[in-house]
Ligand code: SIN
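This document opens with one chain alone, in structure tokens, the form predicted on its own.
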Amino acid sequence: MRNTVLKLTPLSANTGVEIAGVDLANPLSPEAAQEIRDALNTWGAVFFRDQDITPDQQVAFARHFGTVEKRTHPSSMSPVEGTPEVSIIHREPTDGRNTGGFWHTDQCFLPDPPLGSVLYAKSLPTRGGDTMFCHMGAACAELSEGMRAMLRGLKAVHVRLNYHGIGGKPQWGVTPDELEFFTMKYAGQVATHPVIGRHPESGQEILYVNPIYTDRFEGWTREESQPLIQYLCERATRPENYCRFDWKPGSLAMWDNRAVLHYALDDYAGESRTMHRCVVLGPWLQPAA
């Protein structure tokens, strides 16, 4: 019977597991919901195939893990009509770049980032468009004890505008006029978080930095901070530490925003893609000390 006996297939040594035996159009049993939560805590991202669900059913699945956000902050995404908790991520063939085409965590530039994200494939390009996931708990464990001890005492400043431009210089694919618009739109979307936090369910220490939004360490200049931030990100995102998920019609992914970075590959220029996303709110990383 579906939703009672699940089959888990890990996609890499540390990150991502595919779960079979689940029909997300139907309610999950408490046992199945707990097994999926346990898998999420272990692998950071869970994946499901061959799902045929409505936006309301996507929200119902997400509610097993926490409160589903009704967005109140500025965003580039539009809501699904009738289901405001679900946002549309769409790329036109003429768009210069896709959404999320870099290693990042969702909404780290807010004081209360979401626990996780649930992404469902609606329409896909004929090729490309995979998403990579990297477990930052495994990355943290690989650091020396001396490095971890230093990082536990640091906080990092995360800046929303960095995706569009840094220091008044536009990022790739962004015009000066667009940067001026985004500078006004995302003014104030800056947050500070510990560089290492402890996962509230697994207890694992998590390295919480990413190469775009993480601007600097608190009390440091950007120039002083960036060599160490980029070193940490390069170590974390080595091929040995990530999995690559190939989207197919009906695929759904959920990832723990506290534990993994993700990267939406921009290798389908000239084609369109539409995804539905909702985000789950819940307990955030705890102090590592």
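Note that the structure is a prediction, hence the values are computed from the model and not measured. One-based numbering along the sequence shown.
Below: the form predicted together with this ligand, not depicted.
*Asks:* Please determine whether residue 202 contacts this ligand in the predicted complex, using a 4.5 Å cut-off between heavy atoms.
*Replies:* Residue-level check for residue 202: no, no contact with this ligand.
*Asks:* At 4.5 Å between heavy atoms, is residue 236 in contact with this ligand in the predicted complex?
*Replies:* Although this ligand is absent here, residue 236 would stay clear of it in the predicted complex, with no heavy atoms inside 4.5 Å.
*Asks:* Looking in the predicted complex, any heavy atom of residue 100 within 4.5 Å of this ligand?
*Replies:* Yes, residue 100 lies within 4.5 Å of this ligand in the predicted complex.
*Asks:* Check residue 104 for me: does it contact this ligand in the predicted complex (non-hydrogen atoms, 4.5 angstroms)?
*Replies:* Heavy-atom contact with this ligand at 4.5 Å: present for residue 104.
*Asks:* Are all three of 255, 273 and 277 close to this ligand in the predicted complex, meaning a heavy atom of each within 4.5 Å?
*Replies:* Yes, because 255, 273 and 277 each have a heavy atom that approaches this ligand to within 4.5 Å in the predicted complex.
*Asks:* Would you kindly say which of 161, 108, 151, 119 lies with a heavy atom within 4.5 Å of this ligand in the predicted complex?
*Replies:* Here the answer is residue option 119.
*Asks:* With this ligand left out of view, choose which of 39, 264, 232, 68 has a non-hydrogen atom within 4.5 angstroms of it in the predicted complex.
*Replies:* In short, 264.
*Asks:* Considering this ligand in the predicted complex, find the one stretch among 26-34, 222-230, 247-255, 53-61 with heavy atoms no farther than 4.5 Å from it.
*Replies:* One stretch meets the cut-off, namely 247-255.
*Asks:* Sequence order please: the residues of 131-166 with a heavy atom within 4.5 Å of this ligand in the predicted complex.
*Replies:* Contacting residue: only 131.
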